[in-house]
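Next up: just one chain, as structure tokens, the form predicted alone.
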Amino acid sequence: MEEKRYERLGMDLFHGRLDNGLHVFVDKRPGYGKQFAFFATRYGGLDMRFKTERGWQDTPAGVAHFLEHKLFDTKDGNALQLMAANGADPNAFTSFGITGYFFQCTQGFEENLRTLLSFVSEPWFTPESVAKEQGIIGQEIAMGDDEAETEVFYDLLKCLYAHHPIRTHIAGTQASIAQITDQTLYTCHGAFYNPGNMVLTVVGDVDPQRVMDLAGEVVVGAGKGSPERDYGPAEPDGAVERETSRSMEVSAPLFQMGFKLPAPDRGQDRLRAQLLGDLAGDLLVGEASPLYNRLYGQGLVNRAFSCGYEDYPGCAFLALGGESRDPRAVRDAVLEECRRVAEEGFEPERFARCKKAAYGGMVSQLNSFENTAVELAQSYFDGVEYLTFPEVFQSITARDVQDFVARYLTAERHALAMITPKEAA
């Protein structure tokens, strides 16, 4: 394995690549008693149409999430229970762009890592087990349909995008998961769960070469690389619908406001776009911003308000929201602040304070083994060298953020989604 030193962070990162294409990253933390391992594939809720040696495959919404659930079932039992019995705390998640399986432990690291790599790499599905899981995930989807915070977020995405599968729930729908068969799962596992489309990241006081050797023993499949994907026709620059509203059982109105942004390319430009987007959000509506404090003082937002930049294959957006008695007033105030910043820029001292605080927050996140392991994996898939963020972030100027606001945080690119309380009968 190769070792690289990141002087600004005082960190060393080990990296190696198996002959089958699997990349392994180890952030060695001497003296710590905890270990964290993350095994991920570049396959998420967006990847419903992809190309294999048999041609283009169209799969139902929700397969990536369904597959995440099913991989824990093995011929010998349930991998979650096996790892828990060995002192590990295992789990998994599916996002729009990746699926990841992980555990943390203070003992039995090598045995748990072997189990993790094995059950993710060696699928076992039967028609009966798939049918059972359809019922379980169907209940999960039904409960999710009642979660207003999730629903208003997807309502926003449907306003921003005309075709992109970001509009579609990661878990799918009752109707879509009913179409999933054991063969569907085997097809998707074969396409995406090959070592050339995966990465293993480990954080803790471990032997990097031993991690590499163990991965080489267990992950023996051929590395076919990353399949070609289709995310639909080209999107218009602006939002496709300006506003949407519906009622649910909520105690106060909820809203999500978003700006549709150009999708960044893979590589370090993507890291810069992420850092720039988050910094713009902090400056505009972060807790230390004049606008946030004005809205909070007027009772238009509360401490649940948040803002963040997100990007996935083929799309990117800045979203902000929470509870408000008047979401349209918040929308109007945000758009006005964006217009003002586009013309006047940011006060230099406030920009410097906000940038310093944001940098401190990013560095402190490195104390989280889980956050570091996930970021290393996601960055690898994005073609980004994650631990270079100090150099990239420091290169961002106030003018860069002002230009970002002027170009992209505009009325034409924005949309507003609202959920209001149902009226009493």
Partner chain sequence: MEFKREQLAPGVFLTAIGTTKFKSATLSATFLTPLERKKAAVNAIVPYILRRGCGSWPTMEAVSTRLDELYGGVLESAVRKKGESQCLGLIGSFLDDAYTLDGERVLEPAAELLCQVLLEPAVEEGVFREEYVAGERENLLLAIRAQMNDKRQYAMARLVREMCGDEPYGVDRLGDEADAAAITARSAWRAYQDLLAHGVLELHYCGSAPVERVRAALEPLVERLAPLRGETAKLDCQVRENRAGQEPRTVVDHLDVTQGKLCLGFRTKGACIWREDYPALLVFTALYGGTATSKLFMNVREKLSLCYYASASTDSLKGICAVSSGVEFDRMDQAQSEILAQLEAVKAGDFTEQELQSAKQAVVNVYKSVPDSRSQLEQFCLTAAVSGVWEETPQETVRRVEGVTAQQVAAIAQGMELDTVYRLMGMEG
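Residue numbers count along the first chain shown, from 1. All values derive from a computational prediction rather than experimental measurement.
Note that the form predicted together with its partner chain isn't included here; everything after this is about it.
When its partner chain is placed as it is in the predicted bound form, are Cys105, Val250 and Val363 each within 4.5 Å of it, taking any non-hydrogen atom of the residue?
Yes: each residue has a heavy atom within 4.5 Å of the partner.
Contact segment among 338-346, 119-127, 133-141, 191-199, judged by heavy atoms lying within 4.5 Å of its partner chain in the predicted bound form:
That would be stretch 133-141.
Since only the chain is shown here, I'm wondering whether Gly87 would be in contact with its partner chain in the predicted bound form (any heavy atom pair within 4.5 Å).
Because a heavy atom of Gly87 falls inside 4.5 Å of its partner chain in the predicted bound form, the answer is yes.
How about Leu80 - does it come within 4.5 Å of its partner chain in the predicted bound form, if we only consider non-hydrogen atoms?
The answer is yes: Leu80 has a heavy atom within 4.5 Å of its partner chain.
Does at least one non-hydrogen atom of Val392 fall within 4.5 angstroms of its partner chain in the predicted bound form?
Heavy-atom contact with its partner chain at 4.5 Å: absent for Val392.
Taking its partner chain as it sits in the predicted bound form, is Tyr292 in contact with it (heavy atom to heavy atom, 4.5 Å or less)?
Close contact exists here: in the predicted bound form, Tyr292 approaches its partner chain to within 4.5 Å, heavy atoms only.
Pick out the residues of 1-26 whose heavy atoms come within 4.5 Å of its partner chain in the predicted bound form.
Heavy-atom contacts within 4.5 Å come from Arg8, Leu9, Gly10, Met11.
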